[in-house]
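We begin with a single chain expressed as structure tokens, specifically the form predicted on its own.
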Amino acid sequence: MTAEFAFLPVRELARKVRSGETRPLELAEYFLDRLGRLGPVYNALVTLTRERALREAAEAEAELRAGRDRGLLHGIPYGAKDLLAAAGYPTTWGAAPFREQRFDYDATVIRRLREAGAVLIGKLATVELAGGMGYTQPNAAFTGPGKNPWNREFWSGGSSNGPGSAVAAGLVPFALGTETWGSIITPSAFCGVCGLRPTYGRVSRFGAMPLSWSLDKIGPMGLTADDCGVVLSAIAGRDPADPTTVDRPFRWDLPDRTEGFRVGVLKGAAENAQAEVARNFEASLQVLGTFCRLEEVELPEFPFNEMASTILFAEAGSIFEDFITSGRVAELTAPEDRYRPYGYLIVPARDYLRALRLRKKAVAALNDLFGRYDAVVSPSRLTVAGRVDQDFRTYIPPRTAGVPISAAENVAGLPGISVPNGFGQNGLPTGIQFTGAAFAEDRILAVAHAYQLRTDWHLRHPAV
């Protein structure tokens, strides 16, 4: 099998399987080899699920031969962030104290991908406990700091660092990541891949490590917006095991509409960005202006960062209370993760309740605003990735620590997708994000797909 297979989107891999140019078992062996050899180079691999992968690939091959076609993902390998349970294999949550943890069931998203015929080949690295303990530097997991395939001296982003690196390096065709506050969008931008954060409640979180009950989301990361749409179609839907899921069917097909979109441009979104990030964003707006109607928009005035922080700390403190009070946080890798969680235990209940009440008003205001547009655009991150040995506080000045929309979209549980839009300092990727109203994934995917039809950033890959 030639090297070109490493960077083929899902739809093209599916075509090659059905044309006989390759078989599911060949694909599984090919990507198992790449992930096994190169995954450790980027600190992206926790566990290679070889036995399961070969079994699932053989089943897919037999079914396709018998004329049973489960869809585009049938026989396609993938990796899953190691917060997601896979029966019989370690699910470490990226944390040394949980290295031997195993579950005897699959997370719902893993089960749904198996039902779609996809082939799980590996559990991918994550910042310990999804970064929820307050890490401030890349070396915050027993697997080591995530390394960027574009330059291994730089970080791959967190907390879905393994999925970001693995997709960017062509070690898996797609992966599952999770986001509480930036953990899909950041590594997607830093690694130059596409990452979709679904609407809160769109995808079941049963079998995933909880960090914040009302903020956590699970979503796909792939080479194209289309890849993300295909995967979301397979994992979305109501799940009795997760009462927060909603019965909102989702199906993605390549859209006929490729122009005439109404797109909001977030006011001041790039004003504190690195020069290259701002320049790439402006260049992206020039492209969008050829097929979209652009209008400047401004976020409603709410203390989004404070709301997000209060909710996250209070909920994480409750979820991990026993772990924190047991003193086992001392076994975590990042020194700051060993003491910061104690502060979560003293968040006043009145502050948490106040944040929840204010959140209701913010959600209504944001959905009213975003509902007027097919998407609202902003830089995915205001900087490129920092070095793997740098503390975030020394590399990223406070004014560029985030993007204005990040806390708002996560507090409101809104969908967003980051796609690559150029390169910045040290030859590292930058990204543009398309955000929409709740359950408007089809609209933001359509705009992102149309953008990728007119650009080639997603066709550029690191030399690995």
Partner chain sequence: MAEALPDPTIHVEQRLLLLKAAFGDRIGPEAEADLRARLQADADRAVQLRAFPLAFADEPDVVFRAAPDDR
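Given the structure is predicted, the values throughout are model-derived calculations rather than measurements. Positions refer to the first chain, counted from 1.
A second form of this protein, the form predicted together with the partner chain, is not displayed here; the remarks below concern that form.
K.L.:
For the partner chain, considered in the predicted bound form: do all three of 223, 249 and 252 come within 4.5 Å of it, counting heavy atoms only?
P.N.:
Zero of three within 4.5 Å in the predicted bound form.
K.L.:
Given the stretches 225-233, 84-92, 338-346, 373-381, which is the single one in contact with the partner chain in the predicted bound form, using a heavy atom cutoff of 4.5 Å?
P.N.:
Looking at the partner contacts, the answer comes out as 338-346.
K.L.:
Using heavy atoms only and a 4.5 Å cut-off, determine which of 274, 309, 333, 137 is in contact with the partner chain in the predicted bound form.
P.N.:
The option sitting close enough to the partner is 309.
K.L.:
Pick from 262, 354, 257, 102: which has a non-hydrogen atom within 4.5 Å of the partner chain in the predicted bound form?
P.N.:
Here the answer is residue option 354.
K.L.:
Give a yes or no for residue 281: in the predicted bound form, does one of its heavy atoms lie within 4.5 Å of a heavy atom belonging to the partner chain?
P.N.:
Because no heavy atom of residue 281 falls inside 4.5 Å of the partner chain in the predicted bound form, the answer is no.
K.L.:
Under a 4.5 Å heavy atom criterion, is residue 303 part of the interface with the partner chain in the predicted bound form?
P.N.:
Flag for residue 303 set to yes.
K.L.:
Whether residue 150 contacts the partner chain in the predicted bound form should be assessed with a 4.5 Å heavy atom distance threshold; does it?
P.N.:
It does not: once the partner chain is placed as it appears in the predicted bound form, residue 150 has no heavy atom within 4.5 Å of it.
K.L.:
Looking at the partner-bound form in the predicted bound form, is residue 267 within 4.5 Å of the partner chain by any heavy atom?
P.N.:
Taking the distances in the predicted bound form, the answer for residue 267 is no, it never comes within 4.5 Å of the partner chain.
K.L.:
Within 4.5 Å of the partner chain in the predicted bound form, counting any non-hydrogen atom, which residues from 306-335 show up?
P.N.:
Going through 306-335 in order - heavy atoms within 4.5 Å of the partner chain in the predicted bound form - the hits are 306, 307, 309, 310, 313, 324, 325, 326, 327.
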